[in-house]
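Next comes just one chain, in structure tokens: the form predicted on its own.
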Amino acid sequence: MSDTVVVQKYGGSSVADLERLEAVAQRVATTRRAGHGVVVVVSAMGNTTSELLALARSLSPAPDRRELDMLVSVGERIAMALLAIRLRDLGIPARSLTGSQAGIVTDESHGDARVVEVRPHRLRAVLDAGEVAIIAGFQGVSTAREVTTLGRGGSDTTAIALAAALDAAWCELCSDVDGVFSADPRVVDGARKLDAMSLEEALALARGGAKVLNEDAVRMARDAGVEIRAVATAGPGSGTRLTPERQPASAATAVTGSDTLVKVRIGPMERDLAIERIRQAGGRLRRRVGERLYVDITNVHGPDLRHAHPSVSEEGPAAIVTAVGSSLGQRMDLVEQGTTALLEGGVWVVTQGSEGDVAWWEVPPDALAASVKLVHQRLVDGIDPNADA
């Protein structure tokens, strides 16, 4: 096995058809010929997972979750086998492995399993034999020896888990986008690509709603000290390095927003149990202001959170704009500048807060996009639209 191991993850759009699969194969071959040991994690091709789910739901309105995991795990296996076939044809020894064969061990939560251990013995043997290891992302085997899937962004989590277990030099997350931007370019025209940011900042950005980053994968990378390189599959591009090291302090690195939140209150009885039930239902706690909790309901199973526990009461939807930068939350002058930008822009600030690398403002949901633009303009671009020319 090469002294330097690199893990590369390719999402569904990167392997959507045979033409794109060919481009991935060429990119992997180039990395291997450069002398690196290469582990490739692939998602299912294109819309394969959605099509498989649609098949199941055409037969049952509520398919058994264990059987759903068995079904959708097929998508990644198709992609991994096809890529291995093509690499071998290019003269690059390659071997495909399912998540379980690669040693991804999870808990027993079907559809949203968490990685509890990686046993990379077989994976190391493949690398020691000089072969590229191609792993089916998004899946593993539970402690009860059942096929499980890892939920949204599961292939990113697979890649980071394997990079940590193999002590890889870095982990490339390859997609259609060349890195992480200071805001969603579809929302902020002047958003610019970031050359580097800390994993701590990246985690705060993911928690704030940035779609380009998977929260669980970034958290795992931070905890394990794995460097991430977010790059475009097509390239060439410089991408963005997400590093364990802190970056120099700045006004703000990036701004994002989330409108997938609800405000809830929890009665004093069985409070800890109620919070755990919210988590089990798929809710993720984002903020707390007094007795009010802000919960991300993106992955909530069911119509709302009131069914999670009798003491949970919903107050309605919420939207939060989040600015991220090294130690930004400790710069009250900058936090107030963000508030001023919103108020002068005609946006009502419901409440606000700051801590660590984060400053945030709750705004009306219909003003979220405008709020992201205003905060980005003031804190990232450093422009005061009301200042004298």
Ligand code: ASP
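The first residue of the sequence shown is number 1, and the count goes up from there. What you are looking at is a predicted structure, and each value in this text was computed from that prediction instead of being measured.
There is another form of the same protein, the form predicted together with aspartic acid (ASP); it is not shown, and what comes next is about it.
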field: Residue (of 145, 265, 279, 152) lying close to aspartic acid (ASP) in the predicted bound form, criterion heavy atoms within 4.5 Å
entry: 152
The unique member of 320, 40, 323, 44 whose heavy atoms fall within 4.5 Å of aspartic acid (ASP) in the predicted bound form: 44
- prompt: residue 31 near aspartic acid (ASP) in the predicted bound form, any heavy atom under 4.5 Å?
  reply: no
query: So, in the predicted bound form, is residue 201 in contact with aspartic acid (ASP) at a 4.5 angstroms heavy atom limit?
result: no
- prompt: Is there any non-hydrogen atom of residue 337 lying within 4.5 Å of aspartic acid (ASP) in the predicted bound form?
  reply: no
message: in the predicted bound form, is there a heavy atom of aspartic acid (ASP) that lies within 4.5 Å of any heavy atom of residue 351, even though the partner is absent here?
response: no
query: Does the trio 49, 76 and 138 actually contact aspartic acid (ASP) in the predicted bound form, every residue with a heavy atom within 4.5 Å?
result: yes
message: For the interface check, one of 153-161, 79-87, 216-224, 283-291 should have non-hydrogen atoms within 4.5 Å of aspartic acid (ASP) in the predicted bound form; which one?
response: 153-161
